[in-house]
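What follows are structure tokens for two forms of the same protein chain, given separately as structure 1 and structure 2.
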Structure 1
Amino acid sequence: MSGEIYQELRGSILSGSPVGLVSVTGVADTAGASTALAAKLLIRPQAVVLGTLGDPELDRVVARDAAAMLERGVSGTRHYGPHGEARREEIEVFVESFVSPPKLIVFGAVDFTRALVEVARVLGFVVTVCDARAVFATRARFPTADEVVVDWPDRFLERVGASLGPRDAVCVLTHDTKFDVPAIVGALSTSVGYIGAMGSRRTHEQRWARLLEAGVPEGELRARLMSPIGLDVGARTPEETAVSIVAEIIAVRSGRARRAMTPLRDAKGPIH
């Protein structure tokens, strides 16, 4: 690794800035001499490139794909032709994503919130609990949360919404129009990857109507709002409900949320 790439990578990791490192891990004999084993690219979210894999078009295609992987916070192996051609196997690269932990914002300092905070922390989320009611939103009630904020959802999202991305999540656990509608409307204006709202079927229908009245397009609600929140795992306790919620967050992130949830024992194909 060149000194310049190493210094940029080290600086980004220390500062918490997302950065990706692409390394050539395999070159077929038929690939030509332009791409060298262990050649590297440094990728940032805007696909700013440092380094080269030996071919300008290969650099462009790999940088585009690696930037998309970086946005999702995933690492993995990809294959290309000598000039970045898809569905070719001559060039193998490993994309390593270095990203900050995903964020979870929970609106509503309710009984289920503590369990959700604890389960999400186990999965590596940086968790914020936000409620406009100071008597409920206290550090004593949520000691494991990274941050407890007393504020209205829409005001809070105005401050932090720009920092939310596809790996982050917003959970609305309130059942009050004053809280849940502004929270959902505010979350929909961000790039957050998951938005879920707790409530019964009846609560969901009433909330849906209020959101439509607030001017939210129905298509956007169907595409992004997970309500009632969580996967149907038969949860009863707050802890079981928390597991169902984070399971749905994982399913949305992996692109499996719209599929029927099948036990791995009964499914076919790869499990990751």
Structure 2
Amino acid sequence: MSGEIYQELRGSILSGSPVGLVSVTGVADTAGASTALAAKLLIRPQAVVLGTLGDPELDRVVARDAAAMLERGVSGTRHYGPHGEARREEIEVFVESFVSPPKLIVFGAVDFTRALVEVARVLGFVVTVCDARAVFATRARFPTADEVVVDWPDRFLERVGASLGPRDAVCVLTHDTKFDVPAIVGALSTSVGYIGAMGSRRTHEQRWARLLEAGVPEGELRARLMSPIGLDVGARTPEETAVSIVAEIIAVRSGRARRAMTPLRDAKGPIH
């Protein structure tokens, strides 16, 4: 039968709340410890630690380290002595941090948006569609979006921008400079990891000029703005375009945007 730790873990993962699971993955024969393989701790921010590894000092030290790892969203293996001593190797634990899913904000309630929402949902993004035009930004047009918001991009980003981080993405699909420029300027003021803007080469050039006029440093645009948006896979339909955009988001996140279009057949180096 599953118990309290699993039920808490399951609930936190499903609700997108941060939670850390510590499992003992190795106990040296010489440890002489009361710690068993697979013993568990469950870590939640501002909540009591569940479970025990078999030693109160070990529990205290590991819970402290696992909470710090959860805060940074990293997982990994750590080693301790039988009572949590540092620089000892007898006890190995695997700390798995489950963090809230990445967010995607799509500005522009256009037909390409519907396909992008669906593909991004497959990748696990929590997706918000935002457009200032109430006739387009409707729940009926984007049934699979997590949230549909009628607002101006800059106003919306003022509200939620502080919550965006390196794993999150902003896509600007309006290709109308009066929406695009404030959306991009607003996105650049956050620490969001990916910013892409749709448009033809001509739209892109006009938009670039407007962004410079708006006072955005050119180096900042070159470093952070993916425009025209997407990888060059020859996409034509909204669905194909959505795949090219999401592929680019993955490439930027993994630091491979410059070589992402090399087919694996023609590339060198490890695949994973």
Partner chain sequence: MKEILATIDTWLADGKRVAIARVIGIEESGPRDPGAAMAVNEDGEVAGSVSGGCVEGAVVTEALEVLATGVARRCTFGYSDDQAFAVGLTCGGTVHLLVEPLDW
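Please read these numbers as outputs of a predicted model, since none were measured by experiment. Residue numbering: sequential along structure 1, first residue numbered 1. In this text, the rigid core denotes the largest set of C-alpha atoms whose superposition between the two forms falls within 1.5 Å.
- It is structure 2 that shows the chain in the form predicted together with its partner chain.
- Put the two forms on the same core and the Cα of residue 143 is off by less than 2 Å between the two structures.
- After superposition on the rigid core, the Cα atom of residue 249 is displaced by less than 2 Å between the two structures.
- When the larger rigid part is held fixed by C-alpha fitting, the smaller one turns through 48 degrees between the two structures.
- The two forms, fitted on their core, place the C-alpha of residue 96 3.1 Å apart, compared between the two structures.
- With both forms fitted on their core, the C-alpha atom of residue 14 sits 8.7 Å from where it sits in the other form; this compares the forms between the two structures.
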